[in-house]
Ligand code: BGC
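This document opens with one chain alone, in structure tokens, the form predicted on its own.
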Amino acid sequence: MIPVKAITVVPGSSNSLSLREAPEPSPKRGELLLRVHRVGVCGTDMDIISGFYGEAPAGSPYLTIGHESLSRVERVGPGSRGFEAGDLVVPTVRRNCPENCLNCRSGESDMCLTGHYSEHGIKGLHGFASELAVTDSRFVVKLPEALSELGVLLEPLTIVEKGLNQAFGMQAGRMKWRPQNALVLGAGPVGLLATALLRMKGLKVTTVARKPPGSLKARLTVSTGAAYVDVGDVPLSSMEDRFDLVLEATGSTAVALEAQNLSGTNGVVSYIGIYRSQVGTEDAGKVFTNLVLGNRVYFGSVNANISYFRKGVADLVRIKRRFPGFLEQLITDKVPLSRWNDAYSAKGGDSVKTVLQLQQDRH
């Protein structure tokens, strides 16, 4: 077997990021062998690299990172149907728990009851920052060739798909709900994708971030017809609007608390960030009183099952058509495997999304 290059960490150990030669994977029954073309870099990767969390597969001293990916099928394992070599695909991230709990066996591993699920590149399964990778074919979606470079954005889009789907579903079950205005906190890839998706739903959208109005994030926001607010000029506490829907995507505890004050009567706040522990100074009585008297909903959402990936494929195509150039501009940093370490270095300026290129695209 020819070894493959993989980017790995020793979970729990900071400064352990390395490029190593790993054994060439071989697909078992029901699996696909993937030749990975693109891997997106996100905050989860950086947290794992810092040693904040992460779990290697059983028996492995290291974890191959990377959960946002775009690949082509290299080989179809026995018992895998619906795929052939050359298909452009994106695998989901999470896999069922060993107990196969009610939600996992119902196709909703993102709502696993036991917490014993595994996740590619995060928890108990090697990720996709490797020249070759294997995954269960039941958790893979095919993409049209029109998304041959942009499909790496599918996984972050699915986080938005799930958060919004659940927000609308909750509200539809509670009342007659016709949201008019939405607030997106954060203009990273997830926040900008949320902005585009909400605009396509016809909502008036305000997106808030810490970049000046002339920045790329601001320009991308405005290109969708949304309003952009630089929180450096307009603090959240000074905002007078109250929103029907708030999507918090910064991962900042302080911003997450402020989000509750920005939702209006019958409003809903969707939290899709990961928040580190912080000593609280918020008036808990005020928080709960506002929650009750305003008939508000605050909820958390993480991961996405394959139904959101399928919906996301269609919405990526729609976003590409509706806002020409928007998705292309989200990917600001394309780093070849030969410079892999640069992909995981801090970016400044107008950087939005960093993508590691493991293979060249076909033309």
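In this text, residue numbers run from 1 along the sequence as written. The model shown is predicted, which means the values in this text are computed figures rather than measured ones.
Omitted here: the form predicted in complex with this ligand. The next part is about that form.
Contact annotation: Asp244 falls outside 4.5 Å of this ligand in the predicted bound form, judged by heavy atom distances.
Although the partner is absent here, Leu33 is not a contact residue: none of its heavy atoms lies within 4.5 angstroms of this ligand in the predicted bound form.
Taking the partner from the other structure, this ligand in the predicted bound form has no heavy atom within 4.5 Å of any heavy atom of Glu131. Within this chain, Val93 lines the site of this ligand in the predicted bound form, having a heavy atom no more than 4.5 Å away. Of the candidates Leu220, Val268, Ile159, Leu198, Ile159 is the one whose heavy atoms come within 4.5 Å of this ligand in the predicted bound form; the others do not. The contact with this ligand in the predicted bound form, taken as any heavy atom within 4.5 Å, belongs to Ile274 out of Ala227, Val287, Ile274, Ala85.
Although the partner is absent from the chain shown here, Cys42, Glu119 and Glu155 each have a heavy atom within 4.5 Å of this ligand in the predicted bound form. None of 296-304, 56-64, 22-30, 331-339 except one has non-hydrogen atoms within 4.5 angstroms of this ligand in the predicted bound form; the exception is 296-304. Heavy atoms closer than or equal to 4.5 Å to this ligand in the predicted bound form belong, across 227-265, to no residue whatsoever.
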